[in-house]
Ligand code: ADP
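Form predicted on its own, single chain, as structure tokens, below.
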């Protein structure tokens, strides 16, 4: 049994849906198909909600285009004898969605619960359409299956209850194909509609695969698999045949957008392989992700994270590494700030780390409060944020233990006149990471890719 997840680009148009239909009908195994909303729809649902809440009457035009898009897809890809049946399910959803927008416009407010209801319609409608596009498929409502709980004002999956629901419903499906919407869920206590966050369709698919002990989780997208680099920047990038779970997670954490990172955890614990495949080139081999790394110590890919800021703390207190680490990370955690990279110190009295630029000022403020006594005594002389940076990371299991990798990269970058503001290597066996000016990021990627992946 397999779980197949199709993202928005795969279900975005009538033409792309014909590829999905062919892939599903060509499969021999029993399968659960998890689908996202039509490509770009979630963003449009959010934008329309914002227009309505501000009293901008253009929300009505957006609502009309949303309705016409779904009606057009139904006409184009659903067999004529089933079109009325599908429309009888989708049209009430469109009517409810329109009323929600009207209500938001009337009161001029957009509560979180209302917004969650609004964005749920994407997957609710797409899953109905896809289920009737595939002969003999059975549709299941994700809102009845995927449950969340409140955790520090966030909705997170109640994995125990969700696992039980999946087993009690999908495992008993007598059809070869079951179809559910990704991303959407309901609160286990209140029954309110919630969701698993952006990219949550991947996570839904992983939860289903883990609960059903699937043979494989296939994620169908618009690329051939994980690449050695972003092909939009480096046309010579190649598809990576195999990755370990931890390698794929490391690539995701440093900016690769092929898979939503939490996807990997449920299947990782069950040792269920993931396969990344291209909906539009279904014969391409894709990338296998398993528990075994191929060629330990070998670089698998180079990737980047943009809009990064470096926060530097200077002073005598920085020499006490355990204390500076503890105080820094505790104060940032209290502010909900995630650290992207901790730099290896270049001086005893300096400590630096990288955060998203959107968190730069909050980070500096939190640290100024934490270290106010030290700054008064002069033990901390400066806390400075530098924006406009990027992280470049080369990833491969055990690569952090390869002593020659770091110097090789630094020499290549320095010869090209690229200054490295901070680096992290050796502490993690999975990567070597470097902070450079964002204006140098593309060139740094090209240089590192040429050094490790392009044969002369």
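Owing to the predicted nature of the structure, the values given are computational and were not obtained by experimental measurement. Residue numbers count along the first chain shown, from 1. So that the term is clear: the rigid core is the largest set of C-alpha atoms that superpose within 1.5 Å between two forms.
FYI, the form predicted in complex with adenosine-5'-diphosphate (ADP) isn't displayed, but the following is about it.
- Of the heavy atoms in residue 116, none are within 4.5 Å of adenosine-5'-diphosphate (ADP) in the model of the complex.
- At a distance threshold of 4.5 angstroms between non-hydrogen atoms, residue 206 is out of contact with adenosine-5'-diphosphate (ADP) in the model of the complex.
- Although the partner is absent here, residue 257 is a contact residue: one of its heavy atoms lies within 4.5 angstroms of adenosine-5'-diphosphate (ADP) in the model of the complex.
- With a 4.5 Å cutoff on heavy atoms, residue 221 counts as touching adenosine-5'-diphosphate (ADP) in the model of the complex.
- The partner is absent here, but in the model of the complex a heavy atom of 229, alone among 130, 214, 229, 178, sits within 4.5 Å of adenosine-5'-diphosphate (ADP).
- This chain is displayed without adenosine-5'-diphosphate (ADP), yet in the model of the complex the stretch 249-257 from 249-257, 97-105, 266-274, 308-316 comes within 4.5 Å of it by heavy atoms.
- A movement of the C-alpha atom of residue 445 reaching 2 angstroms or beyond is seen between the shown form and the other one when the two forms are aligned on their rigid core.
- Superposition on the rigid core between the shown form and the other one places the CA atom of residue 393 2 Å or more away from its counterpart.
- In this overlay on the rigid core, residue 255 has a C-alpha that sits 2 Å or more away from its partner position between the shown form and the other one.
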